[in-house]
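Okay, here we've got a single chain as structure tokens, the form predicted alone, with questions on binding and movement later.
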């Protein structure tokens, strides 16, 4: 019985470690997607950030995407695929589904760690 419990514990720790490593890699890849496609408009002092500063005037919402704490992964995916205001949509040939998943993970968890 004790041997079985040790085996279950070992497998559980191994699975959790693998999952954390995978999420860390996906998070890093999401940052890379942001730096390639998003930062040129959504970085500090950039045009989209300045436009969002007007949209979120008199709110507590940051116009800097990387500083936001309220971004949801599904919201990020929707905006990237459909665009909003003057932001164009991005096709799967530009940001594929895996890259979009990683970007959404990055933006939705960056400030929740």
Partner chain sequence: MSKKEEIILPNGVNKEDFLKAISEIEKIVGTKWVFKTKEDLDLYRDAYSPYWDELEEPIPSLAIAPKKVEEIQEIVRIANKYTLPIFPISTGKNLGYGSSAPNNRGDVVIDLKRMNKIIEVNDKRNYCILEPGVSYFDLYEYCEKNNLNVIMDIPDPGWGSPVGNSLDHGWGYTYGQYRDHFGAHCGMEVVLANGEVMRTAMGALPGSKTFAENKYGYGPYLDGLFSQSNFGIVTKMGFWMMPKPEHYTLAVLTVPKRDDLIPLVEIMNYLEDSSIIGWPLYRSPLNPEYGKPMNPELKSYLTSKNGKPDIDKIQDYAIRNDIPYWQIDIPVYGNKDSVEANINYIKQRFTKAIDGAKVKVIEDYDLPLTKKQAKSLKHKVTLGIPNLEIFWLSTRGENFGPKDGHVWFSPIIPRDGKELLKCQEIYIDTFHELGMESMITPFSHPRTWMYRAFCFMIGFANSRTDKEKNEQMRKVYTTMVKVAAKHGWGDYRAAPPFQDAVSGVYNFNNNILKRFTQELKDTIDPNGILAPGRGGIWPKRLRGDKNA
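Numbering follows the first chain given and starts at 1. Bear in mind the structure is a predicted one, so any value in this text is a computation, not a measurement.
The same protein has a further form, the form predicted in complex with its partner chain, not shown here; the description that follows concerns it.
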item: Full three-residue contact with its partner chain in the predicted bound form, heavy atom 4.5 Å, for 64, 72 and 112; value: no
item: Exercise: residue 86 in contact with its partner chain in the predicted bound form, heavy atom 4.5 Å; value: yes
item: Contact flag, residue 24 vs its partner chain in the predicted bound form, heavy atom cut 4.5 Å; value: no
item: Residue 41: touches its partner chain in the predicted bound form, heavy atom cutoff 4.5 angstroms; value: yes
item: Heavy atom within 4.5 Å of its partner chain in the predicted bound form - qualifying residues of 32-54; value: 36, 37, 40, 41, 46, 47, 51, 54
